[in-house]
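Okay, so here's just one chain, in structure tokens, the form predicted alone.
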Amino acid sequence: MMKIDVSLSKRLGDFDWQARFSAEGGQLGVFGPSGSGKSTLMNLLAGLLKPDSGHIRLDGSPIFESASSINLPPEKRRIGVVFQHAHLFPHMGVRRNLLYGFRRTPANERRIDTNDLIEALNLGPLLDRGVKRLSGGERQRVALGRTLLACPRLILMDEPLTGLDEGLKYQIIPYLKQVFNRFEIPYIFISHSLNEMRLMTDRVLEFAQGEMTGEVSSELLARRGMGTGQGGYSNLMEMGRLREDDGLYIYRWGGQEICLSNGGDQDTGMFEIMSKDITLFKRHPEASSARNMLQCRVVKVFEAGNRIGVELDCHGQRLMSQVVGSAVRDLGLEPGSAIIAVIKASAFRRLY
């Protein structure tokens, strides 16, 4: 498990940047709008930018410490970086790009088997290609593989999915999760996307205007965003496919079945349903065109901007709906009350 301790300041023109935090764990996020200082943190950690003062300690060892004049060069820090753009070597094919760092890593520090990694990232069909023949998603997978095979102590991912279309983005995320879980390499994931944060991290450092403003769970970060976006809160539901019935795809979610109009043929999938698309009823509707009527119990009612968030327990699974203030009174919404959550089959969006 990674332990990182940071206390840094850096002035960049009129931009004063500073951060102080200590964190443990393998999946740490850095979140904030463009220009908030996220990439500055990445450059300081990687050694691509020198801080004005402070320290960086990774697993107890200083890699930068102004008081002791310690400033390890990037190649000595053993911190890998995956950038927004893959930055593959254009004169090398996929195989040579992939093995570039591995061949320069001492044998006693090689902890990942190349064949295992190629299998995990599904790179076998790409090995004999030139990099110019790769799609954007394939280039990012090769870049990730190249970084991993250098066997770093920590990987920094700086907006690695930005610039990819939604389909490619959500194709890559399962590869990322599988690889990092399988090889147990800690990472810091930098993004301005709430969904990416929730899928890739547990804890999140928030940045705004060049300063770290706090540390929260990725779930709390998403809930706070309910009152700001038009779609509200994004429920992420991992479901297992059961069967097809009358043109619908039937999935298992906890102890209940969910009907989707567009599910696909894979055995499992991650789906998104927005809080605004979940309608609440006090009693089971006598008739409705919606195919999903879930028996739930209210866990929590909370304010989120000009909306009211309603956290539901649906047979052990959590779901978040949003309502206007008067609906709380009309439906008698309070912790412990029974409620029916109604969702159209067409309201789900498959992520991967």
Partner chain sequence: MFEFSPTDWQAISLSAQVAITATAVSLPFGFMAAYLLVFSRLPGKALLDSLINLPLVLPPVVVGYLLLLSLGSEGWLGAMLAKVGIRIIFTWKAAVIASMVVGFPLLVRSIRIGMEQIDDHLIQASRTLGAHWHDTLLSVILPLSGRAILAGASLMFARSLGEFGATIILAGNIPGVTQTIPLAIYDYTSTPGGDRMALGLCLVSIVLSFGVLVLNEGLVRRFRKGVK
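Positions refer to the first chain, counted from 1. Since the model is a prediction, treat every value here as computed from it, not as a measurement.
Below: the form predicted in complex with the partner chain, not depicted.
K.L.:
Give me the residue from L194, M212, M200, L88 that has a heavy atom within 4.5 Å of the partner chain in the predicted bound form.
P.N.:
For this set of options, the contacting one is L88.
K.L.:
Consider the chain as shown here, without its partner, and state which of M274, A150, A222, M270 has a heavy atom within 4.5 Å of the partner chain in the predicted bound form.
P.N.:
Looking at M274, A150, A222, M270 one by one, just A150 meets the 4.5 Å heavy-atom criterion.
K.L.:
Has each of R141, G167 and K177 got a heavy atom lying within 4.5 angstroms of the partner chain in the predicted bound form?
P.N.:
Result no, not one residue of the spot touches the partner chain.
K.L.:
Within 4.5 Å of the partner chain in the predicted bound form, counting heavy atoms only, one of 112-120, 262-270, 70-78, 276-284 shows up; tell me which.
P.N.:
Only one stretch passes the 4.5 Å heavy-atom test: 70-78.
K.L.:
Is there a heavy atom of R243 no more than 4.5 Å from a heavy atom of the partner chain in the predicted bound form?
P.N.:
No, R243 stays farther than 4.5 Å from the partner chain in the predicted bound form.
K.L.:
Please check if F183 has a heavy atom lying within 4.5 Å of any heavy atom of the partner chain in the predicted bound form.
P.N.:
Judged by the heavy-atom cut-off of 4.5 Å, F183 is well away from the partner chain in the predicted bound form.
K.L.:
Please tell me whether any heavy atom belonging to M293 falls inside 4.5 Å of a heavy atom of the partner chain, as the geometry stands in the predicted bound form.
P.N.:
So M293 does not count as contacting the partner chain.
K.L.:
So, L236 and the partner chain: in the predicted bound form, are they within 4.5 Å at any heavy atom pair?
P.N.:
Output for L236 is no: heavy atoms all beyond 4.5 Å of the partner chain.
K.L.:
Even though the chain is shown alone, can you say which residues of 95-131 have a heavy atom within 4.5 Å of the partner chain in the predicted bound form?
P.N.:
Result: Y100, G101, R104.
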